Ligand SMILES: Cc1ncc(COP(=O)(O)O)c(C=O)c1O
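Okay, here we've got a single chain as structure tokens, the form predicted alone, with questions on binding and movement later.
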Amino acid sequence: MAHIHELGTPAALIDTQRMQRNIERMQKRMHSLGVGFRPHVKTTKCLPVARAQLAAGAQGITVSTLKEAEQFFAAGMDDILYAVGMVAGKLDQALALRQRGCDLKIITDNAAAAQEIGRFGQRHGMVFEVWIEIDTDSHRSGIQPEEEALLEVARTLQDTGMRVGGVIAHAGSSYDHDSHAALLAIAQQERDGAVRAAQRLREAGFACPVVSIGSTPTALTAQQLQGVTEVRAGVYVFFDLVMHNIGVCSTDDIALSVLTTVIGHQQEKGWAIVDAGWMAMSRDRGTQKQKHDFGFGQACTEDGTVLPGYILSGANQEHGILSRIGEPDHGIAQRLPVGTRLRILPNHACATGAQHPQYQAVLPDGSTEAWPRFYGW
């Protein structure tokens, strides 16, 4: 166990106090809305974080890869939703998990994939629980609530002996807005669309016990979720600058940062050069299309205090360019001399976390613990 001052740079840091506060905030909100909560662990892919989420009251987890499912199941978590459309080439992995006792749920949004799932299940004597993906905002994949394809997929699954476990929706368009009114409207649309899809399935004779929705912005904005059984959200556990710009967190809530060291200057340009480039921060420029562009990240002091106006304005593979927004800081070498250690808040926590094999979890006394991440598909 090292103190934060002893860590090498760059390093991905988790402020454990902020993380726990974020977990408790979301769980309390889910309790108040009367729904279950199934966190999406793709943001962190980290066992201690997922355990903290479950300890706070979460019920099951959501994953984005079957490798994640395998690793979390091996660690004792068996209620798992694989929330990416299933294809034939991955059914062997899914089968192996279910045969070992994992309560794995899979999803689809088309009859062709449903047919493949059904045929595979029949050949191997396995009844897969399949949730049908619903498109409530034309953001990505899914079947619109009123489409005939919804019932076609359900019939295909039922006719091949599979179980229609429910519907799943994700209002990804919530990331494109930054007003409470807009987020409230998208949250209501997400809820209404998923509940309507479930109603149509039930009217057609399918049980459809689960209605699962969620994104971090809609989960934190929705006013009522009648008819919804569970919510999924992921990035809330760390938050990031995109979420800050959307308006669902402050910079003081962002629990993930990258520790870096000033290694040089271009004083005539007002630059400090740091040892965290895009290999440490990722190439994600998610704030570029928002009202406040943070470049590759917001600069903070080593203790996490924001340095207003100073951002990572450029990034090469292992070099970052730190500068002041607007007028160049020609005194930056005196303000941030070589050897200064800083934290950079990320645009997108999922992408930045994925650049690192492990996190350094910073405890309240400044000591750190290494928390490994999972990788692979």
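In case it trips you up, residue 1 is the first one in the sequence shown, and so on. Note that the coordinates shown come from a computational prediction; the quantities given were computed from them, not determined experimentally.
Just so you know, the form predicted together with this ligand exists too; it's not on screen, but the next bit is about it.
In plain terms, the part of the chain that comes close to this ligand in the predicted bound form, with a heavy atom within 4.5 Å, is 233-241 out of 255-263, 233-241, 274-282, 72-80. The listed set 136, 108, 221, 215 contains one residue whose heavy atoms approach this ligand in the predicted bound form to within 4.5 Å, identified as 215. Although the partner is absent here, residue 40 sits close enough that one of its heavy atoms falls within 4.5 Å of this ligand in the predicted bound form. For the chain shown alone, residue 191 is not a contact residue for this ligand in the predicted bound form, no non-hydrogen atom being within 4.5 angstroms. At the 4.5 Å threshold, heavy atoms of residue 140 reach this ligand in the predicted bound form. Residue contact check for residue 206: none of its heavy atoms lie within 4.5 Å of this ligand in the predicted bound form. Contact residues in stretch 170-186 (any heavy atom within 4.5 Å of this ligand, taken in the predicted bound form) are 170, 175.
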